[in-house]
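Below: one protein chain in two forms, given as structure tokens, structure 1 then structure 2.
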Structure 1
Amino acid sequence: MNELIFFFNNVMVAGVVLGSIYAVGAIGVTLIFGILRFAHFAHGDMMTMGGFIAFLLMLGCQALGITTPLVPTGFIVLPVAMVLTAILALGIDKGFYAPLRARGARPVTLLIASIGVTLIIQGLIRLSFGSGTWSFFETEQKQLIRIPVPLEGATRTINFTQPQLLMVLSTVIAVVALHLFLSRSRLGKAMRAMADNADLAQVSGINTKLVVRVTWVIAGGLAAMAGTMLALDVNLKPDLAFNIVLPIFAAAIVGGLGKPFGAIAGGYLIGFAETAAIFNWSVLLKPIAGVLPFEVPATMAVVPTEYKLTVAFVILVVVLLWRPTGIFKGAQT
């Protein structure tokens, strides 16, 4: 029984947490691609930027004596960080991408420009904060939640941290809010129409410039949310989300580019696949090792932990070979 609890903690709980980060990040990527038709590689650094904005807001609150014993201060300031990051996202679009679109730049040009924006954001973060590591819990305690399993022989508990619980709950709220916005609001329907056919949407009288601005606001806000929640779970550093931007893109492509709900499915698919691939499956076989016709090896992980990012690419290749438009039939990839 303890082995099953160990599996649940390291695969199921970790998969939900990792999948939530990938899903929220992939939603922003797929919204930008669906409306503007280019891959925004700076999205990971927008996540990092949002995390640092939340970190600065947390320091300001602590300096003013504003704290709460119930939830981390970094989570309390998250709505403000989302608004500020959304404003900066609008500024990035106006300063870098809008002039290129006005000149009829091709999507590959915008993609290359986004790589430049990535370097600019990282450079500014390193210039301002250095290359070290920071924690949201220098003066606060990260709470560990233990849930006992009322079964015979079970001595382990189901474990997760408070930031991880808040991360999953925030993801659910964000997904539901986005669904209601896209399906019921007039502006959300305009975004869906523009994602399907931008030219037809423009001749139909849809304010495409407003749709683009709203897209950047949503993408920037979700980037701040994903970056802050990731920093609350681990540590804050200048390349916080840079190393996971490729799995985030893989999640968006697997789910279907331009399909927000496909990005959610792709994020959780890759999150669970990664945690399952690095799990040592010999742990589950040890209790029955005496009746097996072979010796249980010390480790039966599919890939070592340091190579878990390759799992996303294997899934990506398989999906592209089997269904190039992704699971939810997004844009042709």
Structure 2
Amino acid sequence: MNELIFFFNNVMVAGVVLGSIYAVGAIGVTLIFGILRFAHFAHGDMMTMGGFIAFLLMLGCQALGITTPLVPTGFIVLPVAMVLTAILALGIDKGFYAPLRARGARPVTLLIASIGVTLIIQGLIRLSFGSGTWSFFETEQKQLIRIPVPLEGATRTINFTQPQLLMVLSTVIAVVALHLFLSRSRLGKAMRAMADNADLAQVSGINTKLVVRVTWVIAGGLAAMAGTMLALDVNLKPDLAFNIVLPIFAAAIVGGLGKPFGAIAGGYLIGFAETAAIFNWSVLLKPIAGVLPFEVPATMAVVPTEYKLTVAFVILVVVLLWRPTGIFKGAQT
């Protein structure tokens, strides 16, 4: 029984947490691709930027003496950080991408421009915060939640931290809100129409400029959310999300670019695949070693821990070969 709980803690809990972060990031990537038809490479750094904005807001709250007894301050300031990042995302679009779009530049040029944006954001963050790491939990405690399992022979507990619980809850809220927005509201329907066929949407009288702006607002807000969640789970550093932008792209592609719900599925798929790949499966096999026809080795992970991130790339490459437009059919440039 303890082995199963160990498995649950290491694969399921870690997978849900990682998957939530990937999913929230990948929704933004996939929406931008669906509407604007280019791979927005700077999304990872928008996430980092959102994380740093939340961090600054938290410092501000602490300086003002505002403390929250139940939840970490990082979560309280999250909505404000999302709004600020959304505004910055609109500014980035206006300053960097809109002029290129107006010139009729190809998606490839926009992708290169987004790398420029990546470098600028990362450079600015590093210039102002240095290259060290920062923590949301300098003054606050990260609460650990232990749930005893009411089963015979179980001495281990199911463990996760309070921020992890909150981040999964906020992911659920964000996804439900996004679903309602896309399926019920007029603007959401306009967005889906534009993702399907931009020219047709425009001639049917849809305000495409507004749709583009709304896309950036949603993508920016979600980026801030994903970045802050990641920073609350690990530590805040300038290349925080730059390192996971590829798994996020992998999630978006696996789910089919342009499909928000595909991105969510892709995010969790990649999150679980990563945690399951580095899990030492011999732990689970030990208790039944007697009935197995082979000897159980001491370590039996699919890949060594160092290769955790490469799991996402392998999945990405396999999916690209097997079904190039993703598991759910995605958009093409």
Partner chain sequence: MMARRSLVLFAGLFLLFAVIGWVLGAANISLLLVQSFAYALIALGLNIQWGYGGLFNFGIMGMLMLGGAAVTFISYPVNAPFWGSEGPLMLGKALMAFLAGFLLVWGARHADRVGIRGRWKSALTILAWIVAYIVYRSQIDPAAAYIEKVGGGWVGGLGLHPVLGWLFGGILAAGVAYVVGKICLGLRTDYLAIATIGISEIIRALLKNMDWLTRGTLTVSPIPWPTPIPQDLQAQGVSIADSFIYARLGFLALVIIFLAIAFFLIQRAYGGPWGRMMRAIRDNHIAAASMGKNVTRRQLEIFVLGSVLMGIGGAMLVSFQQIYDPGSYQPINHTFLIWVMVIVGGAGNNWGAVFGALLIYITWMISDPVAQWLFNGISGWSTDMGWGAIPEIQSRASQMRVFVLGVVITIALRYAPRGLIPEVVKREV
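These figures come from a predicted structure and were not determined experimentally. Throughout, rigid core stands for the largest set of C-alpha atoms superposing within 1.5 Å between the two forms. Residues are numbered by position in structure 1's sequence, first residue being 1.
Comparing the two isolated copies of the chain, the first one is the form predicted alone. A displacement of less than 2 angstroms separates the C-alpha positions of residue 11 between structures 1 and 2, with the rigid core held in common. Here residue 320 exhibits a Cα shift of 2.3 Å between structures 1 and 2, evaluated on the superposed rigid core.
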